[in-house]
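The chain that follows stands alone, in the form predicted on its own, written as structure tokens.
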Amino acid sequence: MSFDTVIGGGTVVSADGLAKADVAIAGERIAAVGKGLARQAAANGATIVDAAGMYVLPGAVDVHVHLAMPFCGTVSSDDYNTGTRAAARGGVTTLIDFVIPTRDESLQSAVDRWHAKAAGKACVDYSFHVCITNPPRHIPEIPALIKSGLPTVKEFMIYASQGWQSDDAAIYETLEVVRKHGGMLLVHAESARVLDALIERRHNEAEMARYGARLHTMTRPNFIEAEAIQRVITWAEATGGRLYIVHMSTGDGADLVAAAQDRGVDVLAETCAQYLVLDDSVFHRRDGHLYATCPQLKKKDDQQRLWRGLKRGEVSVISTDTCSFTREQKAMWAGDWTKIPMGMPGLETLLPIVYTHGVLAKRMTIKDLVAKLCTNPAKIMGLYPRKGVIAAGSDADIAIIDPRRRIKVDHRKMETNTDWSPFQGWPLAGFAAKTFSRGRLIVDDYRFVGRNGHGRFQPRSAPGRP
């Protein structure tokens, strides 16, 4: 077989182990993995990429992003151009965005709108989760959606004011439907009525003047997430439907998921990079409002429990919940914390954060990193083995990282379309020296060299298991 490109001399990492091997690419696929391929291919005119001293990883799969999303009175600042360029530089070669229908819109119509957002812009591959915003209309449409290659739907336990909230009965019914048709329900788990009561109690001029953005965390104690996770696990256990908890931020949540898994409930959970390295002390800063997310950053004890959950397995995936806003957009709050656009940039720093603060800090191995960022997400979301692994026949989605080189985070030098970074000034290892997307070199020497429109929509099969 003739090869187009061979990545030679690196250490190929999988969720199961490490091996000194060459990786041969033909067209968009990995053609072979083994020793001596570079030497053989060089004689036949293939491009040889020297990866000596480097880790050769499957491209990361970020299963939780929001690009060009209308939210909190504005639109998130990263679209399918800047967001996917940022992904590429961070070694992310596939992402899954959330389609959010209007209440009077069919699921398919909303999917068509999201396809239009990505068309001609996406630089890496992508797929969609589809949100249920009008349960009586949308739940009957789920079987056709699953057949079309979109097997994951999402429901929000909050956001009544946005028109997105699903009540317990809707969640129960959706879990029944996905169980019957081979899909999976993703849930944003926070207890809306108690949360709203706590916000209303402190939403007054005196406390806003005194505490400012600290009220964002003061009104969202851990039990707001934990009670909701406990409740939705109950519905999953009762129905047998597969449940996936998105952006889990608390140690309490990890305890609940672990206990449910131990008794056989079909529940999986992700956390996000920011919950592993930032805590709610950031809200004491003058610019603390920039860090407002939903759910919000928690305590150092929660960080430690989430790291343990990743090691022990009850937390299966690390994602970003990327939802970028500029300083100007964040300034819309004008002292009222309920009006802060909630979300942060994260695609470009996902792999570097986890590599630096996970692998280099001895909290996980490089195999664990590949499991949580690449293989597990691909398996759970129905993309494996096309994505998430370096193996013959898989898409040639590859990130090459130098284990020794650190780059200081500087928003002015990043692809992300924001004028700040939650990790500004942090020296991080793990940025992609080179990224390949379906065989095409899209990052070279840490610089984006890809093109808009290269990214392709990825229909998915039934959700698998990590």
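A residue's number is simply how far along the shown sequence it sits, counting from 1. Keep in mind it's a predicted model, so treat the numbers as computed, not measured.
What comes next is about the form predicted in complex with N-(aminocarbonyl)-beta-alanine, which is not displayed.
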| query | finding |
| --- | --- |
| Contact residue in the predicted complex, chosen from F223, Y211, F71, Y172 - any heavy atom within 4.5 Å of N-(aminocarbonyl)-beta-alanine | F71 |
| Sole residue of A110, L383, L195, C323 within 4.5 Å of N-(aminocarbonyl)-beta-alanine in the predicted complex, by heavy atom | C323 |
| Contact stretch among 22-30, 424-432, 58-66, 394-402 - heavy atom within 4.5 Å of N-(aminocarbonyl)-beta-alanine in the predicted complex | 58-66 |
| Distance check, T293 to N-(aminocarbonyl)-beta-alanine in the predicted complex, heavy atom within 4.5 Å | yes |
| Partner contact for G183 in the predicted complex: N-(aminocarbonyl)-beta-alanine, 4.5 angstroms, heavy atom | no |
| Close approach of R305 to N-(aminocarbonyl)-beta-alanine in the predicted complex, 4.5 Å, heavy atom | no |
| Touches N-(aminocarbonyl)-beta-alanine in the predicted complex: G241 (any heavy atom, 4.5 Å) | no |
| Full three-residue contact with N-(aminocarbonyl)-beta-alanine in the predicted complex, heavy atom 4.5 Å, for H188, H247 and M342 | yes |
| Residues within stretch 136-155 having a non-hydrogen atom within 4.5 Å of N-(aminocarbonyl)-beta-alanine in the predicted complex | K154 |
